[in-house]
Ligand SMILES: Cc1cc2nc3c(=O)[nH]c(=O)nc-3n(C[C@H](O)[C@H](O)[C@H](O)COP(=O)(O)OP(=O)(O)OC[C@H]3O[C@@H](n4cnc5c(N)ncnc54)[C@H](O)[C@@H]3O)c2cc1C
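Just one chain follows, in the form predicted on its own, and it is written as structure tokens.
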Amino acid sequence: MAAVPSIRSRALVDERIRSEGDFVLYWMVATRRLAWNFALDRSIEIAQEVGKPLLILEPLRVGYRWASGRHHQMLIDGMAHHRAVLDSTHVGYFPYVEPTDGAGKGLLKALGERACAVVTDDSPVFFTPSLIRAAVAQLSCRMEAIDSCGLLPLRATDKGHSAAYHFRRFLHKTLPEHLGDTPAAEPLERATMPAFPGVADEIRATWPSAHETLPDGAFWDRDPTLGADGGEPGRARLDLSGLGIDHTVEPTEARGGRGAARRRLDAFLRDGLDRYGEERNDPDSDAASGLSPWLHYGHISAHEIFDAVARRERWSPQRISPPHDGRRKGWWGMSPSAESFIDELVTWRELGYGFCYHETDYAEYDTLPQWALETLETHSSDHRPHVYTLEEFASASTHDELWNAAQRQLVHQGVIHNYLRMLWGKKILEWTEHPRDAHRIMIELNNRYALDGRDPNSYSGISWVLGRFDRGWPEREIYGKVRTMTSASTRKKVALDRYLERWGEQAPLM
């Protein structure tokens, strides 16, 4: 296993590794997977250096904003997958689901007092940065945060980029030097360290593990992301009614965990990738990858997805075609559909991560580009034929059949087709009293219902609706110089018959 690149590691508590500690602790909070994970690689590396066991602590809070059965079920599916995998290894695993807000306080400190070192995930968004800052104040042993967010290390950029074109030029020049640094595909196969003896009784008594507080043998004794024959999963769910979360936002048919993520990736490579370039914007097509929920929850890595596409394309870095000029097509030396997909996976996804990494107030309306703020404010008093409240938007109660269909899909499935997601946001901008209200409502609806909500790409996508990463367009009512989209033009560009048959007015909201 290669050493983790130094550019991906931050010493948060710059103390020595305590060889007298009982174990190395990997505090898994964002990169929730047992493969293609630099943080796990670093945890294994330290454990092998000091000859001590490894314990993985994977906690799940209930007090964060938008906590719901939908998000919890996906994350707990991943926990069950991890337990199934780790049961046959020497690595200790402690999944903890907080029953009430604040019940988990003190758990990390109690384990950290016994640890040689603590390793955790570096992530620029939602509550992870504040969570890490709070942990630093509690720990006296060495603590490192490891970046596994994307192909480009977060610290490889010294600023956010204003447009995808500028970021592509930077990627073309910078990314090749990092492509050879990949996390281990199967790090546990070669890991050699003593067996973890178990979490101390006094700690378990205060903070019982998830399979004790959410008991269901049929769920925890197997990987619930797999069916009885190892195929598609059944609807294995836990009773989460006792948790202090929003139970009105129910779980979807999707299943969390790397097993489910890998099946989705394999299906896309088999059935969707060749059609992606031409059909990804067609709501009646299944050519889109659909991988964003698992990327968001950390259940699959951009490295793993890139590697799978590269293998299918029989690609190597030698096929990269200079000059490094920021062009969308032809630089990678892959097929057109593969290049189109990689542009979404790498350029657009990591543009959003860089934006959130360098802009601490990424979720604030006032961080929009100055030109966008000015034009939106100039047109904020323009007459709006329709104005809706948050509740009317949430219940798909607008006058527009297509917008309502997209909202129904979001509420029911936790996703909106990518092209319609742009239209969904643009119409919210058009149908609210002020662009600031539109920004707030988009964040609320997306983060409440979307499986990939609360993600860097959620915030970058929402702010794109309002002009970020874009240029000025011919001036229009309400939008000003911000790009417009209409339901009528969308109907002309893409086929919608099957989409509306499924998500039209006849479809239930939940």
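Numbers for residues come from their place in the sequence shown, where the first is 1. Keep in mind that what you see is a predicted model, and the values were worked out from it rather than measured.
Not on display, but discussed next: the form predicted together with the ligand.
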| property | result |
| --- | --- |
| Residue (of L131, A310, L295, A372) lying close to the ligand in the predicted complex, criterion heavy atoms within 4.5 Å | L295 |
| Heavy atom within 4.5 Å of the ligand in the predicted complex - residue from L107, L273, L151, L291 | L291 |
| Contact stretch among 58-66, 45-53, 32-40, 459-467 - heavy atom within 4.5 Å of the ligand in the predicted complex | 459-467 |
| Partner contact for S335 in the predicted complex: the ligand, 4.5 angstroms, heavy atom | no |
| Heavy atom of E344 within 4.5 Å of the ligand in the predicted complex | yes |
| Partner contact for W348 in the predicted complex: the ligand, 4.5 angstroms, heavy atom | yes |
| Partner proximity in the predicted complex: F355 to the ligand, non-hydrogen atom cutoff 4.5 Å | no |
| Contact test, all of M422, N446 and G453, partner the ligand in the predicted complex, heavy atom 4.5 Å | yes |
